[in-house]
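Starting off, we have a lone chain in the form predicted alone, written out as structure tokens.
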């Protein structure tokens, strides 16, 4: 099964995390979601995800865009 990709590179805070949260609601518990985002949103999105009980399992970079691999937490 392919991991879904959510692109929030055109969004700004707080919509970045709102969209990630909505994307995770479509993923089964312990399922994964890949998120494309700009550096400006990176720190806040990772912090908010951890605060909500999700886990960032990988961070990679393609030019000016970061890709987070997020594992949905139980909440």
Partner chain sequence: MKEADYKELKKGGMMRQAEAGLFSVRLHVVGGRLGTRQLEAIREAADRFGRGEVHLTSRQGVEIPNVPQGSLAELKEFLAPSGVGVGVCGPTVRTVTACQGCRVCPSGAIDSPALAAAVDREFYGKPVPHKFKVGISGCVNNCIKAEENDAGIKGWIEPRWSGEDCTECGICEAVCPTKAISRPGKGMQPVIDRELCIGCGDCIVACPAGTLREEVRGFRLFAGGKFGRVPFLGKRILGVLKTEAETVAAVAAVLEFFRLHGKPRERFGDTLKRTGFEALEAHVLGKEARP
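Positions refer to the first chain, counted from 1. As the structure is a prediction and not an experimental result, all values here were calculated from the model.
Missing here is the form predicted together with its partner chain; even so, the following discussion is about that form.
When its partner chain is considered in the model of the complex, residue 68 lines it closely, a heavy atom lying within 4.5 Å. Its partner chain is not drawn, but in the model of the complex it has a heavy atom within 4.5 Å of residue 59.
Not displayed here, its partner chain is approached by residue 47 to within 4.5 Å at the level of heavy atoms in the model of the complex. Remark: residue 26 does not count among the residues lining its partner chain in the model of the complex, judged by a heavy atom distance of 4.5 Å or less. Contacts with its partner chain in the model of the complex, taken as any heavy atom within 4.5 Å, map within 18-43 to 39, 42, 43.
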